[in-house]
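Two versions of one and the same chain are coming, encoded as structure tokens; call them structure 1 and structure 2.
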Structure 1
């Protein structure tokens, strides 16, 4: 079972990915996380990636595809949860080719539908754990940590992503709108698209996703 989570920034992909990982035997791949790791490197390449992430634009297809391909070569490609990939039609077609070579394919594409005004509110409230990556939101009561700035799960410090600000959000949303949204049509035509109301609580969203996937 291979799944793509397709949604604009701050729609809740990361939160649902955590729940899916806990319930299903699945390899969670966030190209954003992989790129953030690279951006911490002191090399020129690391610095170049960091600058792109902070601008809110998309990293070039060649770089993202190379990183993803290297990763897919190391894991079982029949239980994938792709979060933040593909971001455009070219990436989607390349993904289909990469999986076909491994006798695999995408089974479900889950779109989390959240209106722009709600995303804008969520983006400034998002906090992530430095250690385990768990996400919280200071603007949503049910997603606040018990102690401000501290992860409920592992007790480590929370931080705000450098691209989680209103200015960068405008660029990220525009990129989504222009380049990623056309994928909705691409996967709908293949009969793989399922739309879930991303304004519901995280538990309600998860139970709708489970109903789509079928309990296993």
Structure 2
């Protein structure tokens, strides 16, 4: 089965993607991670991607699609999990074309529904460990570190990503609403869209996703 996780920034796609990956042994594709990997390259292309990511803007469709297609050529395309992609109708249609060439298709589209105010709290409160990458949130009691600014797991320093601020988030959310919202209609017409309440605990969200997958 091939699955798409569809949701605005900070809605919890990454968390659910990890649970799905561990449970179903599925190929997890995060275009955000692929882009960040490229942004670490010292090439002109890598520096260009890094500048776009730090500005909070979205990378052009053609660049994202080229990176994704190169990756799909290296893996089995019958057991995929796409996290945060596609972001608009053009990308969705191109993805369908890519998979069709490999005799594959998208089977499930899971939308995580989370109100704007909760998303903003998640973004502005997020802190990441410089060493192990563990994520915390200063606006959510259950997700705060035991010692402010220090990772509970490895004891290293926490930091705030350069794009984790209200101004950048507003730009990203508006772009999501304008460009990604039409995907709901696109996949709904295909009978593939299912909506899950993203304000629940990660365990409750995952349980609902499992129930949806079990219906097919």
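Residue numbers count along the first chain shown, from 1. As the structure is a computational prediction, the values presented were derived from the model and not from experiment. Between two forms, the rigid core is defined as the largest C-alpha subset superposing within 1.5 Å.
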Given structures 1 and 2, which represents the form predicted together with adenosine monophosphate? 1
Residue 142 C-alpha shift between structure 1 and structure 2 of 2 Å or more, rigid core reference: yes
Is_shifted residue 161 between structure 1 and structure 2 (CA, 2 Å cut-off, rigid core): yes
Can we say the CA of residue 132 moves by at least 2 Å between structure 1 and structure 2 when the core is superposed? yes
Where the rigid core has been superposed, how far does the Cα of residue 151 end up moving between structure 1 and structure 2, given in Å? 6.5
